[in-house]
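Same protein, same chain, two forms; see structure 1 and structure 2 below, as structure tokens.
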Structure 1
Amino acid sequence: MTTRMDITARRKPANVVLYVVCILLAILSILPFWIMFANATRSTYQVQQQAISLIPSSYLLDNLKVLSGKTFDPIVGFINSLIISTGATFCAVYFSTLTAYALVAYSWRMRQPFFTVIMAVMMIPTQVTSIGFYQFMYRLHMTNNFLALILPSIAAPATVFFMRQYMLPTLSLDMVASARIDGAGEFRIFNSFVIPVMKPAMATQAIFTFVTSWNSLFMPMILLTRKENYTMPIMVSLLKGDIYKTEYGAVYLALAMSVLPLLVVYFILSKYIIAGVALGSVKE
């Protein structure tokens, strides 16, 4: 009895430290966004007087009016980002699953070398070869063409790797064989039997591919030079320019508009996202 109380007594201070640290970190995550949302509703004059406030004000519409006359166009940016990210996500998830299926379900001579190549190039970011990519796209007249940002995700080595690791223990090759005996073609087996089995893995990868594509700045900024093609991050990067220098409230509002859709999606899917991040390390 006494020993037990000793243990609880000893553990308590450590627990307090734990909760204090965790709560401080949580506040650290929220605070910048809170200030941003609050300032988005405050006038430039209010921000100038006191730039930190956790209480919203009533100048949201005025800030919106200031924004609407300038280059930052959240609707165009949103639509462009949505088209590119949706296209890239579909390509990456569908074709990576197909490639993983080729690696798991069939024995072919080049299977192992092919998988080795995929693993070898998995970690290399596309950013380091952007100069050649840009020149190549420029010659093909594909700058300002969304396909230049969508099609490359058909070859997503890291996604293929993840899909293969998930498929190995999950997919029953006996079931594939019995579907064959029923007379189903190979491509049909993939679409109507393999895809449903792979849905959880595809959903996880879809979330991460979408977020990565939505947030990327380097490649879109190089390729998309026309204003009507700008994505959301390019629009955001313009907020650093001189025309916004003193429009404090409007800049915060623009930032808030770029964050809001991501936060909504994040809090709806957070459970799956956290599980997906954890899975990435377990499945390796």
Structure 2
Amino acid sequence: MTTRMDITARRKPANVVLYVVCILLAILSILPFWIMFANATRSTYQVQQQAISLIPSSYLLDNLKVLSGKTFDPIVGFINSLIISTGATFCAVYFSTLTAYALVAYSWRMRQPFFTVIMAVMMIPTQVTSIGFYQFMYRLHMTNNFLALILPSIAAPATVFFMRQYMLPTLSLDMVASARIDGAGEFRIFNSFVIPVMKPAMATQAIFTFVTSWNSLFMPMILLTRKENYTMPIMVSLLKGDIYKTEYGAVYLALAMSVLPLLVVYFILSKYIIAGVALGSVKE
């Protein structure tokens, strides 16, 4: 008869292989970021001689001086990107959750056609509507205005779909009805009861939305034409130098500055990812 010790002994080699594979995958995931941060501390000559190096150098301040000597200020671009990404993330996550709540908690005649329209909007590429959107913003005198990049995030069909799918098995409509009987208003129910239940999904979508907004280049380059309004992706795209020399150390430093906030946001909210994507794990 097989004992528990025999079963444990058989599982040990499998666990060792699993740990080794996980460690290798972790190293492969971290390695590109480490090379980028290491190159940010190296000179252009060192990067040209050896593009891949794991050892940091001592040219970080020199690269920062080169980057600061451009016609734009990278610190201002960093702050601009942070403002736009934070505002867009809040608008997309909060109002998408509110829309999903309306689709789940209320029974109204046009609910299913409304959801179908939301799904249809997901198939329209951003580039198709960019010309009309720019003309609309121009007529409203909202070019070179951060609100032109923040407010449209309220309409995020993919986020609405994700929130609705998460809310269907998770949200207890009986608890919502009990709160209404107790006299709570709809916004109080949403802010005090629904949002705590939706935290895993909201945190997951906050990561995706923040990363997408931070890396966005197409629409900001169209709407933001003043140098003081440039975002970090626009500044990185302009770091081509002249026709004779490109400061690769400064380019890597700008890329590192662009990636750093994304890593911070991911590490803060990453614990919610598994809970957020495991939609089928909740049973009533």
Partner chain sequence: MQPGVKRIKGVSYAKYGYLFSIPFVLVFLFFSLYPTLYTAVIGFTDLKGVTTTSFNFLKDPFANFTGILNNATFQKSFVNTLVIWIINFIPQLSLAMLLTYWFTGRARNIRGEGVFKVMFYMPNIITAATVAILFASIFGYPVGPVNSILKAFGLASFDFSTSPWASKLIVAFIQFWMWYGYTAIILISGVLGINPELFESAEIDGASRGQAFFRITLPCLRTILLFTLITSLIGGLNMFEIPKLFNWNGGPANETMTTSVFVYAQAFSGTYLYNRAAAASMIMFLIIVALSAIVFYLMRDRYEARANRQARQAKRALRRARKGAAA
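In this text, rigid core is short for the largest set of C-alphas that superpose within 1.5 Å between two forms. By convention here, residues take numbers in order along the sequence of structure 1, the first being 1. Please read all numbers here as calculations on a predicted model, not as lab measurements.
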Item to check | Structure, 1 versus 2, that is the form predicted together with the partner chain | outcome: 1
Next on the checklist: Given a core-based superposition, decide whether the C-alpha of Asn229 shifts by 2 Å or more between the two structures.
Outcome noted: no
Next on the checklist: So that I can tell if Met219 moves, could you say whether its C-alpha shifts by at least 2 Å between the two structures after the core superposition?
Outcome noted: no
Next on the checklist: When the rigid core is overlaid, by how much has the CA of Ala51 moved between the two structures, in Å to one decimal?
Outcome noted: 5.2
Checklist entry - What is the magnitude, in angstrom, of the C-alpha shift at Leu24 between the two structures when the rigid core serves as the superposition reference? => result 9.3
